[in-house]
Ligand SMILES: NC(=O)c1ccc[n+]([C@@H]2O[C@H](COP(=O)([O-])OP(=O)(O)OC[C@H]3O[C@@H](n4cnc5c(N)ncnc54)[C@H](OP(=O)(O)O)[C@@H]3O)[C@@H](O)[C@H]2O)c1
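Starting off, we have a lone chain in the form predicted on its own, written out as structure tokens.
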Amino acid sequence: MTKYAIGIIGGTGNMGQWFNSFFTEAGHKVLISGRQTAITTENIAETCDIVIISTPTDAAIRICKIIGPLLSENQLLMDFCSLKERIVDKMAESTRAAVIGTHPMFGPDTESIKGRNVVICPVKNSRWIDWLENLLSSKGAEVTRMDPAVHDRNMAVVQGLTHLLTICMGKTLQKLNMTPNLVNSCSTPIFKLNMDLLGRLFSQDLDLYSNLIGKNAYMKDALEIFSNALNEGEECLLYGSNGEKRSYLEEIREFLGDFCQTGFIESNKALNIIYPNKKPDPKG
């Protein structure tokens, strides 16, 4: 495989450092720039075959306007932003270089890319796409090509709605004055895991989660659909007959199909690792 000079703008951040190690171990030469490095964004653009922007979206848009005109048609411009539609449009507008939007679906605490999802959005000049897919797949990543708008619609649920529900659970506990110690004393394994995820969210960069929810253009639609589903569930499961409750749940189970059993098996594996010597409660 051809070895390239790869520059990561924002490479001093956690994800930038993770991919610095990843590309270096794959045999490529990696340069990084940050707010306090001697290497500048312009240096990266002028000397690297592949330029990756690893910053929040607003900063990435400002950066691509600066470096885009410096890149040639033989170079590749990428990003690691969590939302794709805005940044890939701005990258494509700014440069003659090939453009691929990239979203690694994992955080910097991940030990290996093996088995992890990576979404890529080819936008301009597909010359580099096979190289990127082959590199990621050779290390065990699950790579999916996706339209940027479809990606962002999916992220409204996968990230935005998921994080919003976690935040609202925290707010509910606050309103009920149910402290973590109190809740943990009567938690099932599933709820204890949810509490750990709640703590995980609030231990990290709160601006990240605020942006994943507030800056996704499709979040409002996803939340409206979820609100309708919540109202339907409340009406049926609180006030419906036993037959109506059963039908409501059976309809969802039919939609999920074989995944129900797969999810049961896989979640038991995870719970047995997290809470060894404790048989998971099927009631959650």
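Predicted, not measured: the structure shown is a model, and the values here were computed from it. Residue positions are given as counts along the sequence shown, with the first one as 1.
The same protein also has a form predicted in complex with the named molecule, omitted here; what follows describes it.
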{"query": "Options 190 to 198, 167 to 175, 81 to 89, 150 to 158; stretch whose heavy atom lies within 4.5 Å of the named molecule in the predicted bound form", "finding": "81 to 89"}
{"query": "I50, I63, V30, A222 - the one with a heavy atom within 4.5 Å of the named molecule in the predicted bound form", "finding": "I63"}
{"query": "Partner contact for G34 in the predicted bound form: the named molecule, 4.5 angstroms, heavy atom", "finding": "yes"}
{"query": "P122, heavy atom within 4.5 angstroms of the named molecule in the predicted bound form", "finding": "no"}
{"query": "Heavy atom of N14 within 4.5 Å of the named molecule in the predicted bound form", "finding": "yes"}
{"query": "Contact test in the predicted bound form: P56 vs the named molecule, heavy atoms, 4.5 Å", "finding": "yes"}
{"query": "Within 83 to 105, the residues that have a heavy atom no more than 4.5 Å from the named molecule in the predicted bound form", "finding": "H103, P104"}
